[in-house]
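Given as structure tokens, the chain that follows is alone and in the form predicted on its own.
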Amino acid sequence: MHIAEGILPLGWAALWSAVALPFVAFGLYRLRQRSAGDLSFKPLVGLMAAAIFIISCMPVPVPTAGTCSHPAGTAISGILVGPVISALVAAVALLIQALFMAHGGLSTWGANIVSMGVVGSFAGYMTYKGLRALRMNLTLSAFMAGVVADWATYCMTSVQLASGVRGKSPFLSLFGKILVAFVPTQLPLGILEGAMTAGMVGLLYKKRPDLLVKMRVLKPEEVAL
């Protein structure tokens, strides 16, 4: 859901950058805080950044919306390292993609951080936590987190595009058109992202449940069960 360079007017691009900046700054603070007590945490965050970079690097063009569809990877990072640090690693992945692959853009970096890094990470994390609190199965909770994170990201992208390019057109009408334009690609990709998130969390649970405890995804007694 990377919005391409030049799509948003300068004022809107600056606004989304201002919204994204506190999350990136707080993500840096939380990374330093957690790394101070655990030297292995930074390499894990680096791994998450690489995963987001690769997963979100497979764009499917959506010409009618002026952007693209793809899995985002922020559900898995939101679950494993928390939504604030996940927003930071998404920002790093988005910056590298904008600089070296012309995927997204520098002027739209803030908007893309907000939609993919912030909204995607928090939607995935809160879905996972909410379903686990209702005692839903681990992998099913992860699956739903992946689906919701992906679809929430594309809804936010639709809001950003409709706000920025609508001119004198009614916002809701344009928002609906952009949303519908995404449907053929993003609906199946969201389900794919859910399956991918569930697979990664399920694999970790089978092979390295200690890591899930260390990353505060599960409590020790949940692994013992």
Partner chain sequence: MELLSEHSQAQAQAQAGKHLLSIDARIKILASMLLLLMITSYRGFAFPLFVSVLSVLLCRKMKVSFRTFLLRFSEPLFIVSVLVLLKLFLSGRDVLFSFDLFGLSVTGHRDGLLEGLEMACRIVGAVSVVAVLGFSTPFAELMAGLSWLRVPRGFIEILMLAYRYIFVLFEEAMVIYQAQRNRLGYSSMRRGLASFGTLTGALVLKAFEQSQNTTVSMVQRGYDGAMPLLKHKPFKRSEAFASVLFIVVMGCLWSL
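Treat the numbers as computed from the prediction; the structure is a model and nothing was measured. Numbering follows the first chain given and starts at 1.
Here the subject shifts to the form predicted in complex with the partner chain, a form of this protein not shown in this document.
S.K.: Is there any non-hydrogen atom of Met101 lying within 4.5 Å of the partner chain in the predicted bound form?
M.R.: Within the cut-off, so yes.
S.K.: Wondering, does Ala4 line up within 4.5 Å of the partner chain in the predicted bound form on heavy atoms?
M.R.: Taking the distances in the predicted bound form, the answer for Ala4 is yes, it comes within 4.5 Å of the partner chain.
S.K.: Taking the partner chain as it sits in the predicted bound form, is Arg216 in contact with it (heavy atom to heavy atom, 4.5 Å or less)?
M.R.: Although the partner chain is absent here, Arg216 would stay clear of it in the predicted bound form, with no heavy atoms inside 4.5 Å.
S.K.: Within a 4.5 Å heavy atom cut-off, is Val114 in contact with the partner chain in the predicted bound form?
M.R.: No - in the predicted bound form, heavy atoms of Val114 and the partner chain never come within 4.5 Å of each other.
S.K.: Tell me, please, which stretch of 144-152, 130-138, 117-125, 92-100 lies within 4.5 angstroms of the partner chain in the predicted bound form when heavy atoms are compared?
M.R.: Looking at the partner contacts, the answer comes out as 92-100.
S.K.: For 15-34: residues with a non-hydrogen atom within 4.5 angstroms of the partner chain in the predicted bound form?
M.R.: Contacts from 15-34: Val24, Leu28, Leu31.
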